[in-house]
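Take a look at this single chain in structure tokens; it is the form predicted alone.
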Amino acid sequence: MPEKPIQGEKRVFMTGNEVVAWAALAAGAEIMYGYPITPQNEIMHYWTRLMPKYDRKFLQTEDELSAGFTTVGGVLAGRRAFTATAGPGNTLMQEPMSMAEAMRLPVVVVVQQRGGPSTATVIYSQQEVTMTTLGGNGEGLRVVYSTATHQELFDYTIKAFNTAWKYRFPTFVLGDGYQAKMRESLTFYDPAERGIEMVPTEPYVGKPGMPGVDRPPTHLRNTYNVEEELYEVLKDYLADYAKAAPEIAEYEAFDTEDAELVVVSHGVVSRAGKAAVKELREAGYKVGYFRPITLRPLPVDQLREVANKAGQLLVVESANGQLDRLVKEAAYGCSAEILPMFKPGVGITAEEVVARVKEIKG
């Protein structure tokens, strides 16, 4: 038996891509399928350096479309499989991820967002929110965690495997180029030593016994000839998703009880939002902070509560309203005025958020 990748707890200082590779090891991932694209390349590089020591596997495919479909195949065989991508690669992944939604496959995908459209920049953005939450044809039956720190990259990469295998929906960890490349301190740990029980994997195909005799036959479909048949299947899937959504949805908030304005942001931009709100509070402004950690499903009830208490929501994001659209859909009919602070493909600082709030408050 190979040794455990992580024993006890350990403080480390490394890039976000390296963190993801270690987290996948800690989560018991058996194989990564991937194709190189900046800024996620080093997830593959670190994984391939680590895997021989811990008896794991890797397959580089000819493109991201193939990486998505081979990850689907690994999951069908019962492997704890994952992939990672960014930008145009995420675009190509949408067809296999739609297939995973159709067949309820617990695929795990790490996305390190880059600028768009198309090739654009290889650096950073929050412009892959719409594609990751609702990409592909279908209804977006998937889970998307948006991380802000390296510690969260580690925590939620581990959690993604459990969420995927428990609820049987494709699960995404949405990072970005800044997190991928920068170095930051965090604590590594073995999930078992923290009481985190990993949901076991099981094969979808090739199970022992004779189908129809020893066990029910496995019937996996992503194609339907009759409209009504698809409708009946989707009704069950949508009901399962709606039931699971309140259990999955996560958020972080503070100072919202008396806030006249609440800053809403996600991912790495929420670091600037959080720092700005703390500074504004010290200066006497009644400002609050709300950050959805799950962008799909969104923490709708909690967001609506905030949107009915505060007079204004300021949506801050490095995209031209991709988070804003999700917020507006969730907060439809609420009393708060929703204001923009959009900088697509560019980082946002706490100073800029402070200045925008002061501008709004006159």
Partner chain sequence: MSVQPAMPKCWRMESKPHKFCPGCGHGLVLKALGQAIDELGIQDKVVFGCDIGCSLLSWDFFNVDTVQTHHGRTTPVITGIKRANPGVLGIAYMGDGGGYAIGAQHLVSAATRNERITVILVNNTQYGMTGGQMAPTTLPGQKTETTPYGRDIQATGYPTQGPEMVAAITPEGAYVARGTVANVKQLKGFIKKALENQMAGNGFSFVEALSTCPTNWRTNAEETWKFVEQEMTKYFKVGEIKVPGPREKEGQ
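Remember, it's a predicted structure, so these values are computed and weren't measured experimentally. Positions refer to the first chain, counted from 1.
From this point on, the text means the form predicted in complex with the partner chain, which you will not see here.
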Counting non-hydrogen atoms within 4.5 angstroms of the partner chain in the predicted complex, say which of Pro246, Gly195, Gly284, Pro217 makes the cut. Pro217
Just give me the single entry in Thr38, Asn308, Thr61, Gln302 that has a non-hydrogen atom within 4.5 angstroms of the partner chain in the predicted complex. Thr61
So, Arg291, Ala319 and Val354: all three within 4.5 Å of the partner chain in the predicted complex by heavy atoms, or not? no
Since the chain is shown here on its own, which stretch among 145-153, 221-229, 163-171, 276-284 would lie within 4.5 Å of the partner chain in the predicted complex, judged by heavy atoms? 221-229
How about Lys57: is it within 4.5 Å of the partner chain in the predicted complex, going by heavy atoms? yes
Can Met210 be called a contact residue for the partner chain in the predicted complex at 4.5 Å between heavy atoms? yes
Would Lys181 count as touching the partner chain in the predicted complex under a 4.5 Å heavy atom rule? no
Is there a heavy atom of Ser98 lying 4.5 Å or less from a heavy atom of the partner chain in the predicted complex? yes
Would you mind checking 15-31 for residues with a heavy atom within 4.5 Å of the partner chain in the predicted complex? Ile31
